[in-house]
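Just the one chain here, laid out as structure tokens, in the form predicted alone.
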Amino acid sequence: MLKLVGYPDRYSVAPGEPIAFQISLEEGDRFDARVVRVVNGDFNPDGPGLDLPHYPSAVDGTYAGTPKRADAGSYLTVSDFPSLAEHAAFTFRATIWPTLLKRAGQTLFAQWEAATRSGVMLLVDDTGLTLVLGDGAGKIARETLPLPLLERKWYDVTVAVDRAQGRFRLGVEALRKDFGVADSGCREGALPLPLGAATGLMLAGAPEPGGTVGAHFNGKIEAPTFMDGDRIIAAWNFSEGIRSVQVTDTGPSHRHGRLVNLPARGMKGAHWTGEYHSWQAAPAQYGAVHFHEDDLYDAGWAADVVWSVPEDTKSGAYALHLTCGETDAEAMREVYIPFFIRPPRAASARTNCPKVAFLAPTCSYIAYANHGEHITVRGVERIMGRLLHFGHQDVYLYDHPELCHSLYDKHADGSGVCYSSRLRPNINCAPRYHSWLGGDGSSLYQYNADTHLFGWLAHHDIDYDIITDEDLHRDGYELLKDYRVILTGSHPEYHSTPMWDAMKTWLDRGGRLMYMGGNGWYWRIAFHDELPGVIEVRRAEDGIRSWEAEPGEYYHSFTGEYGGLWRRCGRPPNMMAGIGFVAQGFDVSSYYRRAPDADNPRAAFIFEGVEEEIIGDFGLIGGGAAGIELDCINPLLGSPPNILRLASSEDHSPLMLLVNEEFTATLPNLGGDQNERVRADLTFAETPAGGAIFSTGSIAWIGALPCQGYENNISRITLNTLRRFMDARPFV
């Protein structure tokens, strides 16, 4: 089991700025910390080995530590809500769409003092609707309307409390009547207890002892309203301010609320007609918020280690290395928390920066944060074509679901996870981590796979900066304009519109892009207006995905943009990189065969010193340079007419399958052993402004760079290309 976990408050920090690290120590009371450079995070003995040199800094030392827990679960809080005990009578109404009724005691609203057990709550579960009263003197009473509801069906629920008359009434009314289903009714009775005083209000969660919030509701709530007779106490309209975490009270008292842990907004409500599919076109039909017991935006841990990065610190990949003893078979007592030091923020301070930059795909790292499909989904081994082994990190993730999910997972109620944040431990983003998706051999994917490129750049003494996706989203083209070459990671899959626009502008003005992976520029994402470090995806229409957005919920709540594949937004990856996603398989990787265009004089510099017809028949990720996810040329999707197909992969296994957006009817020959379209294309093309694009078309390409001491044909091709791309001479 993992005994240390933590996260930084940012993935990218500039020289002269502080970066804080939040640590949970699961064993003992002390841990040691030091900063390291990340050169190679792969400890496969067939590769160059771990290379994480110590970078002496002011934070090196021993620190006190304690266990910390994340308080998952989304809810609405209204801090200035007056005590309901001050009203002679009140009524609460809301329209709900429950999604996980087997969870006992889920809160619809709570005005509750946990320490004194005083106040009132309304709960729902598979027993029906329950009113809970606490008198503040130790007595609690529960009154239930024993009427089982159905999941994913809309209901109006009501509770009326008349303190003056000493009566209560609970009511449920199904908005759609189903033959043979008795799920509407009411119950009245005498109030069993006086109502104890409490202040504040929560929806979809209730205060618990110790200051936490629990008893979360799973499902949608729409139009919650409190009335005192004909007078509105509060009436929240969730269709207003959908891009925000603030919630508007349209009543006269303006008791606005705040959503915690990012429940899903832009959700269709009970009266969605199907006529409109964007919440901006018909906001009144998108008045619901979908709450989950396993939403989490910010773990909220206090900082344990803070490093003020010296002004002269070189841009690059770094990590905070933590230890609390010796690792053995039973426990892993060390962890690396990665981060990047970017070049200075001021353009005037970047005049002596390298002309090469690595664009760290931090949006993809966030999208895959705590990816748990291998734990929660049955039959994964069938997809992978091999047995999976779990490490300490996987076991920790299984035992700590409160750290929440990746954008590939589903919530406990079966709905897709559309938000992912970096403000929590990202267990599978670190040196030494073996991924279940990483192919046979090193089993690296995403961050740790990208360290193969760091090691290769260091071996060839290439000077470069590192910028991140978030930097690009925020700074745009201005951040790229002084770089001659941008290197991507192995899987730059997620891009926001500002990121896409900035990269395309840079290319159109002469930039040289080296796309070092596969399945890039695939999903469109959005960043939040108010909250840092969180992204949204809506898995609309089609594409390789583990869940589907509900019809009518294809538009991002963060921006209002249409979500899903960039291809469905009129911007296929071929328009950016010349090639686009075509197949995926996670068992073994294959090789490339040289194509006739390799002999084109335009590509002579790429193959200088490389005579072999077969290239990349080796690699640490799956045993070859072509594997995991593949891209190929497709002129119909925007591959430029001047593109050269230098080599293509072949001999893929039956588990390397054509992706579903590539066919319109189910075919019998989808596997790489039968379908000629299943291939990675190695390509090169010049751009009109004197720039160029070199694309590898394979996630496994980077994993072949370190083989044979970084001296092999994949390494030679990549180095030839990089050196020419660094040359200021225009290509056309």
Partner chain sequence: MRYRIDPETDRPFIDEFRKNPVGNHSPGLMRVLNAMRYQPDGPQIVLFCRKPFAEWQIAHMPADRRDPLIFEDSPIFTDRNEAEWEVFRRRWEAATGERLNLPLKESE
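Residue numbers count along the first chain shown, from 1. Note that this is a predicted model, so its numbers are computed, not measured.
Beyond the structure shown, there is the form predicted in complex with its partner chain, which is absent from this document and is the topic of what follows.
Student: Tell me, which of Val247, Leu147, Leu655, Ala502 has a heavy atom within 4.5 angstroms of its partner chain in the predicted complex?
Tutor: Partner contact (heavy atom, 4.5 Å) among the options: Leu655.
Student: Pick from Asp183, Asp156, Glu381, Glu608: which has a non-hydrogen atom within 4.5 Å of its partner chain in the predicted complex?
Tutor: It is Glu381 that has a heavy atom within 4.5 Å of the partner.
Student: Give a yes/no on whether Gly128 approaches its partner chain to within 4.5 Å in the predicted complex, heavy atoms considered.
Tutor: Result no; Gly128 lies far from its partner chain in the predicted complex.
Student: I'd like to check something about Arg93: if you look in the predicted complex, is any of its heavy atoms closer than or equal to 4.5 Å to a heavy atom of its partner chain?
Tutor: It does not: once its partner chain is placed as it appears in the predicted complex, Arg93 has no heavy atom within 4.5 Å of it.
Student: Would you please decide whether Glu330 lies within 4.5 angstroms of its partner chain in the predicted complex, comparing each non-hydrogen atom pair?
Tutor: Close contact exists here: in the predicted complex, Glu330 approaches its partner chain to within 4.5 Å, heavy atoms only.
Student: Should Met1 be counted as a contact of its partner chain in the predicted complex, where contact means heavy atoms within 4.5 Å?
Tutor: Yes, contact at 4.5 Å.
Student: Looking at 106 to 114, 461 to 469, 535 to 543, 432 to 440, which lies within 4.5 angstroms of its partner chain in the predicted complex, counting heavy atoms?
Tutor: The contacting stretch is 432 to 440.
Student: Can you name the residues of 563 to 600 that have a non-hydrogen atom within 4.5 angstroms of its partner chain in the predicted complex?
Tutor: Result: Asp587, Val588.
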